[in-house]
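Quick heads-up: it's one chain on its own, the form predicted on its own, in structure tokens.
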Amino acid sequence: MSRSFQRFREVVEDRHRYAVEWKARGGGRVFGYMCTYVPEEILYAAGILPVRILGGHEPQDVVEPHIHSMYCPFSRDVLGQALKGRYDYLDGVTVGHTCIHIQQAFESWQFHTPASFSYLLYVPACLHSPHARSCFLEEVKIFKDALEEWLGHTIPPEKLERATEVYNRNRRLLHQLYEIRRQDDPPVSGSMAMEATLASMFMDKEEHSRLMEDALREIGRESNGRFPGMRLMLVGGENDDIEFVRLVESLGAAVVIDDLCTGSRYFWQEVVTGADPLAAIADRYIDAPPCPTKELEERRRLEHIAKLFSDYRAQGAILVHQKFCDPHQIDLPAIQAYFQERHIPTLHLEFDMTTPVGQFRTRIEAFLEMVQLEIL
């Protein structure tokens, strides 16, 4: 493994240490965010390091009095991390409103481990509404005003423009990494791509971009040294379980593309710069590949997923979702029907806080045998 990818792995595995050390080096503030609908560029423009709040993939014994047991494992896990003090270094916490589970985790977090600044950003529930764009822009303005009041100074337009440039550059580099996975024998595995993407959610974007440039140069000199296997797509929501991807690939498959909020959906859309930098930032989050919580009627996701599947020449799809996640459970039938109509093999897996490796291994092996029969 190259030095750049080794660094990505180190950051992902010890994400809290990175944030604490970054804070100590520059004296800046660190904010945690629970959803990719939070406009990070505004935080970055204010000199704040935004870090994605994720769970620890460990059984939680501290959340029962604070959140419903039938809420998704992700919301319970991130709250458990807060209650155990793992995120005590955060100066602020913010979340884009997507579902009641995440909102409850956020409210319990506020009550039991309050940060100096906390904010629930309203995100329209129907992004294809003609009013969504103007609504979200006003909400983003209110968020910026609240942040400026807390900081004690304004965030000028030139800082927003600079932050947009930094974020767009990073998105382009991650796009380049994903483009390499289109190859017949991709020199970067799905787990490596996931580590690079997750690292971008924890690191200073400029530092991550420098590493990404090194990584892209190093990839050209490397070969993964293995038969790529069957080409698979991962479809779902919050899934940062790298060990699961390694398991899939150890069984004779290559995860060549994903539609995950912890994967491609995080960086797929750039900010289209314009006269009003704040409006341009807000538009990016409206136009990005949508989360199923934001599609009440139309299913733009289907068109996007279908294009990715075709462009990356996938041969099967694994559909993953968190247990008790209603939005993704509602989303699944339409996606499954789309694939079934086109005779594309799919496997549906439901995740909890920890991965049942033995059970998943058996099901994945059977699925890969089925895919092999389909493509013969």
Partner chain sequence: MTTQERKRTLRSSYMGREIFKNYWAEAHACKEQGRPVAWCSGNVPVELVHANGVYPLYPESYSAMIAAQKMAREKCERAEGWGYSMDTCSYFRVSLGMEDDDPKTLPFGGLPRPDILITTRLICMTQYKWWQVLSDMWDVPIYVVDAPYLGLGGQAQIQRHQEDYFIDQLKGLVAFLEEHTGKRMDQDRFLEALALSDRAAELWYEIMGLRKSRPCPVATREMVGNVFPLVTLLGTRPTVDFFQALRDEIKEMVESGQGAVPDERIRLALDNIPPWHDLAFLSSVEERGAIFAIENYTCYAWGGRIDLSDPWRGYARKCLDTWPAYSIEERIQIYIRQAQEYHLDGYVFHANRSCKPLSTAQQEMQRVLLERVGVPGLLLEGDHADPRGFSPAHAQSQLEAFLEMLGA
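Note that the structure is a prediction, hence the values are computed from the model and not measured. Positions refer to the first chain, counted from 1.
Just so you know, the form predicted in complex with its partner chain exists too; it's not on screen, but the next bit is about it.
Note on the partner interface in the model of the complex: the residue among L216, L151, I242, I142 having a heavy atom within 4.5 angstroms of its partner chain is I142. This chain lacks the partner; the member of L247, C135, A146, A279 within 4.5 angstroms of its partner chain in the model of the complex by a non-hydrogen atom is C135. Stretch-level contact analysis of 156 to 164, 250 to 258, 172 to 180, 112 to 120 against its partner chain in the model of the complex, using heavy atoms and a 4.5 Å limit, identifies 112 to 120. Contact here is defined as any heavy atom lying within 4.5 Å of its partner chain in the model of the complex, and by that definition not a single one of P186, S189 and R313 is a contact residue. Of the heavy atoms in T273, none are within 4.5 Å of its partner chain in the model of the complex. Though the partner is left out of this view, H101 does reach within 4.5 Å of its partner chain in the model of the complex, counting heavy atoms only. At the 4.5 Å threshold, heavy atoms of G55 stay clear of its partner chain in the model of the complex, well away from it. With a 4.5 Å cutoff on heavy atoms, S264 does not count as touching its partner chain in the model of the complex; it lies far away.
Interface residues of 334 to 350, taken as those with a heavy atom within 4.5 Å of its partner chain in the model of the complex (partner not displayed), are limited to E350.
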